[in-house]
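Here you'll find one protein chain in two forms, each presented separately as structure tokens under the names structure 1 and structure 2.
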Structure 1
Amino acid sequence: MRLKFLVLAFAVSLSAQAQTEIQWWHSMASVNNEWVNDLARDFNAKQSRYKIVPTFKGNYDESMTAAVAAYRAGNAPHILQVFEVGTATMMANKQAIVPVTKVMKDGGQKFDPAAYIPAVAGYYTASDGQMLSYPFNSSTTVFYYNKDAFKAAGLNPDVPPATWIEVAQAAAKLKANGHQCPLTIAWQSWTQLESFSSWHNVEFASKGNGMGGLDARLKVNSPLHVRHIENLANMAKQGLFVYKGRTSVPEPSFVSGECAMITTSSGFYGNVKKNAKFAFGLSTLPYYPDVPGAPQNTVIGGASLWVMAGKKADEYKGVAEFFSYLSSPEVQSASHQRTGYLPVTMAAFALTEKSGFYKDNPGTDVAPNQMIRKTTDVSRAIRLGNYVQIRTIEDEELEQVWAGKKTAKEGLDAIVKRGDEQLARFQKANSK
């Protein structure tokens, strides 16, 4: 009996040793945390060589800080989820990461970057054509509106405003009907400057928005940008646009019904669907119809998975196998339907369409449709260094405009001036 126990214990420890653990640090909370855990559990059940261990490390900037500290102390995770804002920083630190293309090739896994939605793949691909990180959860900017509020204000709930002129008209009617907050904006720099630029096919920054080199500089004080921010500032003055804070802070004011229209991430869908006590609709971002080439496509948000350097070859094999699992159209399509993040491959998009999901859930195809268009050099993506700081600068200056302390032109000029200082510093630090 005792001997049997010993043998059993030995066997168990042997099999535990034979299984290679792969650490995965991520920032997916609540509903999306369950999603990440389910993916790991499913993969671990499908094979026994590797064990993916997902760990929640706080929000995006917290997990990135944690990983940087861990890397410097020599115990970084194998896989790290990094938000789009940190992409240029990760790319510039080549010694700390292993490109996904290399991981897949060394691991003997088939990997075809061409299978990915161009705007997604392009964003995470270096200028030499190597895909550096694995597009995991990508989102884009969309427009949500409260159908009940539209009906009450005498607007047609089935025809969302398509242009900024129509948005202003709808906002005026909502206000006349007693609505305190007709329009609000979340992620103002992402929705009103970045996506706004690519949506109108104008440059956000030079050098293909930073994709073509470190000497890129901001271009957001163009006449079109000034016109748009001025327009929003006027709406703010008339109480048609109500500023509700930075990042995703304004989102609850739409869910509660306080604000009738909002521009924000497509990843907000799950929250609205679950918590809103009114009928709502999704639509593409508004645009200016007189601008040639508009609407083009919107820019990517969300995060990707980076493979950290300094691990054993066998562990990289496990990472490759896991990425291969994540790439299958079935897994991707299920993830897309579950979370509202984009189906990152064309096959997953086709599969989701075939399953009838878009028909049953109207509006869920808005985000993929905004993204799968053919991109231009100007609209492909935005990738700039020190972007965490630049986003803060954009928030600070736009707040001054909404408060009426600066004109749109002054605010945008200041963004360009202060942002360019950050870009120059990043260029200097990374070109040796």
Structure 2
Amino acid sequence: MRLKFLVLAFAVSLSAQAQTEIQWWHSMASVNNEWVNDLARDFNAKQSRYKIVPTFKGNYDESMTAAVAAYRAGNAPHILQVFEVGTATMMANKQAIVPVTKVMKDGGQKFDPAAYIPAVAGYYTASDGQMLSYPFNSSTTVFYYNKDAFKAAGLNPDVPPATWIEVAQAAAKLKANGHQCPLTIAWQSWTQLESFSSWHNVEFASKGNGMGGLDARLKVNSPLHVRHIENLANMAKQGLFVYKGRTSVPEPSFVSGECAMITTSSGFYGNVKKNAKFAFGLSTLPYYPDVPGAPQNTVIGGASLWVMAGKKADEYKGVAEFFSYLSSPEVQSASHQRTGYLPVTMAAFALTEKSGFYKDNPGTDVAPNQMIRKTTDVSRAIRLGNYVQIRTIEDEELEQVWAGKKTAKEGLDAIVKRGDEQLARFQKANSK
């Protein structure tokens, strides 16, 4: 009997040892961290050969820096979540990554880039047509507003402002009703420069916003950009727009009810739905109705999953199997409904629509509908080198404008000058 027990214990031990661990570094915090952990837990429960181990490595900048250091030390994770502005940098480091198309093919998994929303798949696809990373938490910029605050200020809670003029008018009524923060903005460079450009079908940068070559240069000091930033600066002076900080820092001020309106990621939805103690609505980004072609479409945000080089063949098979799991319409649809991130496949979008989710939750279809519109050469995407550094420059200069230390024109001219220097450095470092 004792021998039988030892044999059984030995078999269990071998089984445990045979399980291949796949390290996944990510930057999902709060409710989205819970979502990531649930995805890993569900995949691990569905099979026993592989174990996905998700690890939060700080914000996007921090996780990318940590992964570069880990790669150089020979202990990089198998999967790295990289935000969209790091895409050009990852593409340039060909020796450090394995294209997702190759990973899926070698792993014997079905993978059809055509199944993904074109604007999403195209962003992560190289000029040779090879898809390099797996679209994961793809998002776009949307407008959130506090319906209870609108109602208290005499505004129609079911009719959100569609134009920037209407936003300013709503902000004035909210302030008159005692609201100290009528409007705030998260991810300001993404929402007010990048998506603003594509939404109005104007250039953010030359060369198709960088998609057409490394010699792209910034175009964000156009008359339209100056007009918009100047309008926001005037709203800041009047207390109608309150700057709360960089990246996602302003988001808690909306959830708490302090700020009544915010432009930020569609991926903010899960947080608001879970934690806001008031009725809220979602709508499209505001626009200027006198601009020809507006509104057009918004650009991709969020992040994708990159497979790091230097791993064993069986480990890559585990990665492929996990990506196949993530790609299923059922998983995609459930994730979209839970988080507000895009259903990155058309099948998941159709499944969500069929389920009645959009009908039961008005506004949740805004993000995918903004993204699946027909794009133009200047609205389809923005892919620039050294863009992490450029985003920092944009934050610095916009902060000078909001503080009244620079005019809108001065701030945007400085962004172009300093940003172009970064683009030139990237071009020099990566030209053959």
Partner chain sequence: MEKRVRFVSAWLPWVLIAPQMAVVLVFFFWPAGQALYQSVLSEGIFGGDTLFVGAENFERLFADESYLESFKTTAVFSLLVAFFGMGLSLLLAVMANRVVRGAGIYKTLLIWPYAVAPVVAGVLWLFMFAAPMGIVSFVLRALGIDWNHLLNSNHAMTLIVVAAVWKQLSYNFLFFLAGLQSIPKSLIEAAAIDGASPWHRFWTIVFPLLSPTTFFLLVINVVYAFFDTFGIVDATTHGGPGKDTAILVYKVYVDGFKAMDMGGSAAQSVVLMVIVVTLTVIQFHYVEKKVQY
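C-alpha atoms forming the largest set that superposes within 1.5 Å between two forms make up the rigid core. This one's a predicted model, so the numbers in the text were calculated from it and none came from an experiment. Residue numbering: sequential along structure 1, first residue numbered 1.
The second of the two structures is the form predicted on its own. Of the residues C259, A170, T364, V401, the one at the hinge where one rigid part turns against the other between structure 1 and structure 2 is T364. After fitting the larger rigid piece on its C-alpha atoms, the remaining smaller piece is found rotated by 11 degrees between structure 1 and structure 2. Relative to the superposed rigid core, K46 shifts its CA by 4.6 Å between structure 1 and structure 2.
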